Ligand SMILES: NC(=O)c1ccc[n+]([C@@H]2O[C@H](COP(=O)([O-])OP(=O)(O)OC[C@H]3O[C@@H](n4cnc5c(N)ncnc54)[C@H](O)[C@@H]3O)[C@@H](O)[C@H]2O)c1
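So this first bit is one chain, no partners, the form predicted on its own, shown in structure tokens.
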């Protein structure tokens, strides 16, 4: 297969390494608005470069989009119009109207689309999902999900990110749908700007937030997020059911100081970035996309999945703004 990679920033460079190591890929070409950056990544991975995305879609058998968020909609549409399988980092867009318009083009073109929610490929989260689906956990009572960043993104990004729920906690909204196999019917959210960075208030955003979700069968989920964790990058999941209780993400690299006689975890090896925490998951999702692109399996994370996660994030924003529980059906 000939794969075109659009975007050579931090995640794009990481994806280039993964793609370059795959036996199924005969050639990899990279395009980026920063030509020098594309050349640098290409040289480090044995790939070649393309002038732009238009050139890539005319050449490639499938494309991987790791460019900036504001380009995703146009690039997915470009791939769809060329009849190519597309992998794109989340989100499709920051609003549902544009998201739905892109998905209409994708469905009309009948091409496979996989969105990059890499947590679906984390072994611990996968095991929790399998245990619930098999009945080992019994009836789900409560799930707890948290995402804590080591430090906020730069101020310019905060302004265009879509906000904490849309940019950061959307991963948790996707994960709870996937792990539980249920839809969320109601969201109650709260949040504050506590880190002292004025960029959040200037963007009408928060840096510390929580959302309580009611699932279709009455089970509850609590999603919490913090933009600044001085110990590192912390993503965890707990699931409490009628037969068992499990947790994923609790290990020696968890950036949390334990106070209950667990000095053996004080090893200074805590996760500091999302790439460290989910390195194997990122690789696995791209390996899976190659199977999707070759028609060996359906997309494990569709555009519709991404749309539903975005809808939950927007419902949470509405709840935060209006200070009330919001039914998901209020946002179509």
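Numbering follows the first chain given and starts at 1. All of these numbers come straight from a predicted model, not from anything done at the bench.
Beyond the structure shown, there is the form predicted together with the ligand, which is absent from this document and is the topic of what follows.
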Quiz item: Which residue among 286, 31, 293, 47 has a heavy atom within 4.5 angstroms of the ligand in the model of the complex?
Solution: 31
Quiz item: Of these, 91, 85, 162, 225, which has a heavy atom no more than 4.5 Å from the ligand in the model of the complex?
Solution: 91
Quiz item: For residue 7, is any heavy atom within 4.5 Å of the ligand in the model of the complex, or not?
Solution: yes
Quiz prompt | residue 120 within 4.5 Å of the ligand in the model of the complex, heavy atoms | solution = no
Quiz item: Does any heavy atom of residue 62 come within 4.5 Å of a heavy atom of the ligand in the model of the complex?
Solution: no
Self-check item: the ligand contact at residue 116 in the model of the complex, heavy atom, 4.5 Å
Solution: yes
Practice problem: Could you tell me which of 215-223, 68-76, 128-136, 198-206 sits within 4.5 Å of the ligand in the model of the complex, going by non-hydrogen atoms? | Solution: 68-76
